[in-house]
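The form predicted alone is given below as one chain in structure tokens.
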Amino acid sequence: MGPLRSVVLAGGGTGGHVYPLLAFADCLRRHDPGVRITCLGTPRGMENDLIPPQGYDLRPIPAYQLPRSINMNLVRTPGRMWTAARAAGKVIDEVQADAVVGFGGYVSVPAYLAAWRREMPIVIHEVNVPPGVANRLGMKFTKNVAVGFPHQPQQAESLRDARVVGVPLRRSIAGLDRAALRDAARARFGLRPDLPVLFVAGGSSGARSINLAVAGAAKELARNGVQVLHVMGARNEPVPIPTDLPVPYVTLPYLSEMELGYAAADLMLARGGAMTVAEVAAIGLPTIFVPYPHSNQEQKRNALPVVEAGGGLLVDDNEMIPAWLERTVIPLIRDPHRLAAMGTAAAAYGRRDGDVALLNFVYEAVAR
């Protein structure tokens, strides 16, 4: 298959959709600098903050949440969806796209509909079990479905024939050498080079239960020489941290350069979002996963294979209290041999080539 001339990428709303889209866009551009890349997004999603600064053309189109129950929104949905599909179709026609690649989110549905009406190749990338609503609908229009993790085809009938390609990761993370960057990363945050670092991040929105537990354990962690780099989340109220700790405890509302946090860390404490799981596994960072409890348990399903491979620990959100952290984190983070074994196990499960594997799958789909 020769180089693609023009590709439309659809995905928005959350980082779980936008970050793999951006990583794939970068991969497309590396392999063919002349390809035209057009991204479809919602008018208010976080894609508006993330995609244009990377130099990609972002076209907002109307996108509507698909109702999960019978109500007036269900009655209005077909008309709204075809309105959105017409808007997506105009973009597809204008840029003369060869294919549509969707990463989920409600903006993907009109893109799938518009491409289907034009009998264009559609490729779907899915990272969750069960698949998101938008991608489940898109699967009615194409058999070109790629997934991020080996467990997905085993756990979801709709993904049984999907190709496991991994998750496209930003090059700053996929190419990360944690050991080589460790001292510089710690200096960036004002952390000491000679003491272990716990990196805490509950996703872009943060996780209040994790924030409170770590703050509550701060004195005991510090007394045992454990430094903390704590990303609290831009949407969370700051949690007070004890003052006059004997070792650094650094708090941030948000961290865009996650690779620096990963490089500084010996151990991570995080939720179980698909992107987080893919990133920490790929770079071999031992992680304690605290899956988001108010959902269909997809975060637990994301993290469990890494834990079963020996690359992390799993704890329920309601067990995330200071006492649990003190008795678990302190002996673990002060055991370099155990951390090294966990890191090796995580890296053996993870993969760094999801962007290239997805690109090859897109080439195959277009050739067919």
Ligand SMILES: CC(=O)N[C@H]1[C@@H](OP(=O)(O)OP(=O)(O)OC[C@H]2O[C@@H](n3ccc(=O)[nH]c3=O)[C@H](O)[C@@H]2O)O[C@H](CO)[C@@H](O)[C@@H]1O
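Residue numbers here begin at 1 and follow the sequence given. Note that this is a predicted model, so its numbers are computed, not measured.
Heads up, the form predicted together with this ligand isn't pictured, but that's what we're talking about next.
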Legend entry - this ligand in the model of the complex: contacting segment from 272-280, 189-197, 113-121, 158-166, heavy atom within 4.5 Å: 272-280
Inset, instruction - Check each of Phe289, Tyr106, Tyr262, Tyr249 and return the one that places a heavy atom within 4.5 angstroms of this ligand in the model of the complex. - result: Tyr262
Legend entry - Single option in Gln227, Asn144, Asn211, Asn128 placed near this ligand in the model of the complex, where near means a heavy atom within 4.5 Å: Asn128
Legend entry - 4.5 Å heavy atom contact, Met258 to this ligand in the model of the complex: yes
Legend entry - Gly350: touches this ligand in the model of the complex, heavy atom cutoff 4.5 angstroms: no
Legend entry - Any non-hydrogen atom of Gly203 within 4.5 angstroms of this ligand in the model of the complex: yes
Legend entry - Proximity of Glu298 to this ligand in the model of the complex, heavy atoms at 4.5 Å: yes
Inset, instruction - Could you run down 16-32 and flag each residue that has a heavy atom within 4.5 Å of this ligand in the model of the complex? - result: Gly16, His17, Tyr19
